[in-house]
Ligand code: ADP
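Encoded as structure tokens, the following chain is the form predicted alone, with no partner shown.
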Amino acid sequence: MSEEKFYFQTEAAELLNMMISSVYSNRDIFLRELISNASDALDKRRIETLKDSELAENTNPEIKIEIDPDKKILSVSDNGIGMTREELIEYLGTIAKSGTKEFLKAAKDENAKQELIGQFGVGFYSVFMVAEKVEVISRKLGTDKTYKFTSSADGSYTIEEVEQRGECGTTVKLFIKAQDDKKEDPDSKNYLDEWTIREIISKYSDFISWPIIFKDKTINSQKAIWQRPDKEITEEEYKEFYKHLTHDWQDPLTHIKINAEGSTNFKGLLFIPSQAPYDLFMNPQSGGVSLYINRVFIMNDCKNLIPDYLRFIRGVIDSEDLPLNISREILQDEPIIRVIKRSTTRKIFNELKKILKEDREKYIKFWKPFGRMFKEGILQDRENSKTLINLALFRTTHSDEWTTLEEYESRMQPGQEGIYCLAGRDNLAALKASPKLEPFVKKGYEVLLMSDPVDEVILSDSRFMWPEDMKKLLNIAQDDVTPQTADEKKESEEKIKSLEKDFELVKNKALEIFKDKLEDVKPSLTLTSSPACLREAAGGISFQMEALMRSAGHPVPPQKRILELNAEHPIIKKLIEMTQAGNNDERVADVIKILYDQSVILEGAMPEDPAGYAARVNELMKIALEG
């Protein structure tokens, strides 16, 4: 086959230019990335040969490093699974398919460091920090063709079929740039120097489970870090293992060592990342926990090892009691796996409890990226729901600080029936501006501000699944939840009854205009500064829940709500006067429509007719200015 030439997309070419100009402070990571890729390829080959014995070849799996100082070539080879022509184009010819633009945006930040490489999946291209050209020669397991990918980071690359490689696998050949002047670049190293190579591998890749051969000797210890006593492992080793495992170039927030002995024996090393990967919610299946059996790699992202709501956890579980030929299908019903899952989940909870108690700032660093996902467990895991509830953080009207439910309960007023909550908009500032808060703030009641999408579901579901020994969640958006005492309720009801006759015309007009949207229109004495608000009728759902259900493809029945009008507000008083006078019917209708649309906006939704809303507001402003 003749050589074929391809071109990178514009963003990719810009990214390569960044690599060439070395925007990252630690260039050593290029070798760590290549070794990690080679290790992954060997893992994949072993899995494929377990599935199909005909693919097995009599070979010793290894990663081989060679240097040729005269020709300025550094090579990293493996006899792993290899790549086809199409895979070379897919994996190397298309940079960070889902994240190139995000990467470029982040990299322009002065604080951007080398961790961006792993976060955005462009680690292979770190080679261009040290190489002026790269060749990748690869033969896929089970095929008889070898292909070569070549690029000088000039915006293009070539693919050609070459003389067959002796066995499957991949060789990455780097044509190293001339060594930089140390005076101009103190970070510059000679990557064709034997001791430089040894130093990098010792620092970053000593724990790789496959032998790394250099100068005809194995230079890594191949010790499974999770099998070693904790006192023998430095914090730096934990960090480097995490980075190798996840390709995340930031340090983890914390690690959790597991050593379970008894009826089921297993060891493990789990990590909580310090930040969520950019595609965590777009690609929730990425990452996860790897399963090993007696130090033999079995599979990445073994979903049976931890609950789905802890899918941000990264790490390794190594069991002594599972058969090597176990499949994903068998795992689902394997009793040992269920024991491991319960034990692992408990260990994670214990670590989080410890952090919450001893280091609040660190816990908040965990909660900000992962709290939304973590709270899914309150709905999914009834066995551990109370633990999850007590580990959850919420915003509140009490202060700008995060709070737990236990802390909220300690501040509750005497006789308070439960925990007042308001769920809705994912914009906290907008949630704080809700008219529904006014009567509670006026009386000094604290309200939880639940701004995650899952909070709506928790609040609606809490009536059925909330632990009996915990204070109930009271949704202040519901018509029957009020901060008034029994005597205050009775007094309000009497006042409202006296207003009903005067209020009836406004009510009838509103119901006439919004007959498909309103179940009732009521006067209110609890609102303070706002003229109106919308409440859910009994059994109704919020605008946000409607949107959530529709986005999930669920049918949503038509919703009728309750329009609450502040009987003591000047606008409402004037509206009553106008209806009683029996004139300006069109202006009355316009004011009612504006009040309704404003209430919809405060719920985080859009009016059905934004142009009509704007026109009505503009007309009223014109009248006000002319008067």
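Owing to the predicted nature of the structure, the values given are computational and were not obtained by experimental measurement. Numbers for residues come from their place in the sequence shown, where the first is 1.
Just so you know, the form predicted together with this ligand exists too; it's not on screen, but the next bit is about it.
Exercise for the section: Would you confirm whether the three residues 38, 170 and 247 all fall within 4.5 Å of this ligand in the predicted bound form, going by non-hydrogen atoms? Expected result: Affirmative, all three are within 4.5 Å.
Problem - Partner-contacting position among 310, 83, 305, 447 - heavy atom within 4.5 Å of this ligand in the predicted bound form - result: Spelling it out, the residue with a heavy atom inside the cut-off is 83.
Exercise for the section: Just give me the single entry in 367, 394, 238, 124 that has a non-hydrogen atom within 4.5 angstroms of this ligand in the predicted bound form. Expected result: Of 367, 394, 238, 124, the residue with a heavy atom within 4.5 Å of this ligand in the predicted bound form is 124.
Problem - is_contact(residue 91, this ligand) in the predicted bound form, heavy atom dist at most 4.5 Å - result: Yes, residue 91 sits close enough to this ligand in the predicted bound form that at least one of its heavy atoms falls within 4.5 Å.
Problem - Contact test in the predicted bound form: residue 574 vs this ligand, heavy atoms, 4.5 Å - result: Taking the distances in the predicted bound form, the answer for residue 574 is no, it never comes within 4.5 Å of this ligand.
Practice task
Give a yes or no for residue 44: in the predicted bound form, does one of its heavy atoms lie within 4.5 Å of a heavy atom belonging to this ligand?
Solution key: Yes, residue 44 is a contact residue.
Practice task
Consider residue 456 of the chain shown here, and say whether it contacts this ligand in the predicted bound form, taking contact as heavy atoms within 4.5 Å.
Solution key: Close contact is absent here: in the predicted bound form, residue 456 is far from this ligand, nothing within 4.5 Å, heavy atoms only.
Exercise for the section: Tell me, please, which stretch of 30 to 38, 564 to 572, 66 to 74, 587 to 595 lies within 4.5 angstroms of this ligand in the predicted bound form when heavy atoms are compared? Expected result: Selected range: 30 to 38.
Exercise for the section: Sequence order please: the residues of 367 to 399 with a heavy atom within 4.5 Å of this ligand in the predicted bound form. Expected result: Heavy-atom contacts to this ligand in the predicted bound form: nothing from 367 to 399.
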